[in-house]
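Only one chain is shown below, in structure tokens, and it's the form predicted on its own.
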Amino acid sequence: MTTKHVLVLGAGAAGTAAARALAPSEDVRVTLVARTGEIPYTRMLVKGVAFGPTPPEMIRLPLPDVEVLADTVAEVDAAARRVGLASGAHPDYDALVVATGSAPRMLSADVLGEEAAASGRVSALHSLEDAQQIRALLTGLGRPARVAVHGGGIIAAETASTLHADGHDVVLVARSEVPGVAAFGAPVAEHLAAEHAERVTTRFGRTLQHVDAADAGVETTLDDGPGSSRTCC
């Protein structure tokens, strides 16, 4: 019986699940490649670290019983069925599973000013590091913060609700007039938008123009006149 080598790139929830599912197969050898220095964790649970009592170690993922390489992928040569790693190693594969996850859509340099970027008051909520930074900032203030959440997706909506429930003053900004229409359909999305409007300040159908450093935080400017909001101050 010929053993096939399956290389799984990414040690997040999808990558570890794929490796765990393949591991019992007698005709498959699995290698899981985790990025150098990264401790695998469940990304969808980072909100609990940012705003709740969840310690970082509670969202770590147990590794499956397969070969694990802690090495960052530098290139994939699909023609040669070989992957180049940062260490210089080049493992071959018969099948490749790419589960490297997503990346946050960051603000462009013309929107996020240099001083605001360096202030430590602007962060994505995507990685465990992001969550720990936000947690340290909010905890360090010692009082309710004014927070602008930019985005109309599920994580933005959940973040706004959680922060409001914790006593923070929240502004939820989204480019869409009714966020979530594509994901949920108009009736559900309209209901959710109305629920948010009753609890937090909403700026739907607005575009973030610029983020500047301010005396006690950062200040955001939206696209149609008045509507600046000071965050984390």
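We number the residues from 1 along the sequence you see. From a predicted model like this one, the values you see are computed outputs, not experimental measurements.
Quick note: we don't show the form predicted together with a small molecule, though the next part is all about it.
Look at 101-109, 87-95, 141-149, 115-123: in the model of the complex, residues with non-hydrogen atoms within 4.5 angstroms of the small molecule sit in 101-109. For E195, no non-hydrogen atom is located within 4.5 Å of the small molecule in the model of the complex, even though that partner is not displayed.
Taking the partner from the other structure, the small molecule in the model of the complex has a heavy atom within 4.5 Å of a heavy atom of K47. Using a 4.5 Å cutoff between non-hydrogen atoms, T72 counts as a contact of the small molecule in the model of the complex.
The small molecule is not drawn, but in the model of the complex it has no heavy atom within 4.5 Å of A19. Among the residues R206, R35, R29, H164, the one placing a heavy atom within 4.5 Å of the small molecule in the model of the complex is R35.
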